[in-house]
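A lone chain, given as structure tokens: the form predicted alone.
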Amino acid sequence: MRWLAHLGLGILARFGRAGESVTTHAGGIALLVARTAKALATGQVSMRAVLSQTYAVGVQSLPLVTVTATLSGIVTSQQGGYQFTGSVPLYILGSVVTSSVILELAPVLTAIVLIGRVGARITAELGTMQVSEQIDALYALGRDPIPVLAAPRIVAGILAMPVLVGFANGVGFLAGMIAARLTVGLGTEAFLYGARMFWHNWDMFYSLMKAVVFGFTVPVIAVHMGLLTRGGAEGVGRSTTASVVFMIIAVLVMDALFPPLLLN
């Protein structure tokens, strides 16, 4: 019985540590968001820094977003065409591809691209600055790192992500339409007819709402984890890995919450 008691205490201790970690991170992220909002409200954020980060987040991510969106449209069209070769009218493929790309694939896959290409870079950059005492040097000079380092990256994510998702929506739709014509012989008019049949204007708003939320969440977590980095180069590696895991989980959890909140 004693080993059962030790096992139970060990499990409770792990839950306690996990709860403490979640609470600590939630409090740190809330404080970061509050300080960022204050910096924006008081005009402490440089527009030049915001534009520079927006270019890095948006324009430089376009090639990878293009590839991802194109493949998502092609794969969705091919799989849908394979399944609809029976009694289902083939023009329904237009609706399936359009809804799948706009409601789900474009926002989520673009967010994954943002995590891998931008989120990890932000955490590594700020983590390196933290362990090399560059952040402490800013404090010593009387500079707050939030308006200088954090706020431009967060604002850039919010601005660039809806544009990237809108671009991915168009590319995925066109790629799906071309793939449908080449693989199952579905003409452009029939594809567009199926796409219009079940189209709702709310779908595009829903897609862009996801983009704004993901574009805010990814840089916030990346900045938070970067500023928490300790322990030299090894600490930067651990922090970057943990940041990527947290960002992916956060995006998937929020993606699961969107349908019951905004589609029902």
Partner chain sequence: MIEYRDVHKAFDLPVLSGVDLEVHDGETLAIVGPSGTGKSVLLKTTIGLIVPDRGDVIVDGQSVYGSGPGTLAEVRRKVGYVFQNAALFDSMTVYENLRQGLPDALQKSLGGQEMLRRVCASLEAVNLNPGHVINKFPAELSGGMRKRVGLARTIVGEPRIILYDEPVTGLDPVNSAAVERLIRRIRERMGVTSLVVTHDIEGALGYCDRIALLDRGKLAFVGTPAEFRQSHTPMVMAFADRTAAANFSVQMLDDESHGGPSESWQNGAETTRGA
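Everything numeric here is computed off the predicted structure, so don't read it as measured data. Positions refer to the first chain, counted from 1.
Unshown form predicted together with its partner chain; subsequent notes refer to it.
Checklist entry - Hey, with its partner chain in the model of the complex, do 134, 138 and 141 all fall inside the 4.5 Å heavy atom range? => result Every listed residue reaches its partner chain in the model of the complex, so yes.
Checklist entry - Among 113, 120, 129, 155, which has at least one heavy atom within 4.5 Å of its partner chain in the model of the complex? => result Going through each option in turn, the one that passes is 129.
Next on the checklist: Which is the contacting stretch out of 141-149, 97-105, 164-172, 189-197, given heavy atoms within 4.5 Å of its partner chain in the model of the complex?
Outcome noted: After filtering at 4.5 Å, what remains is 141-149.
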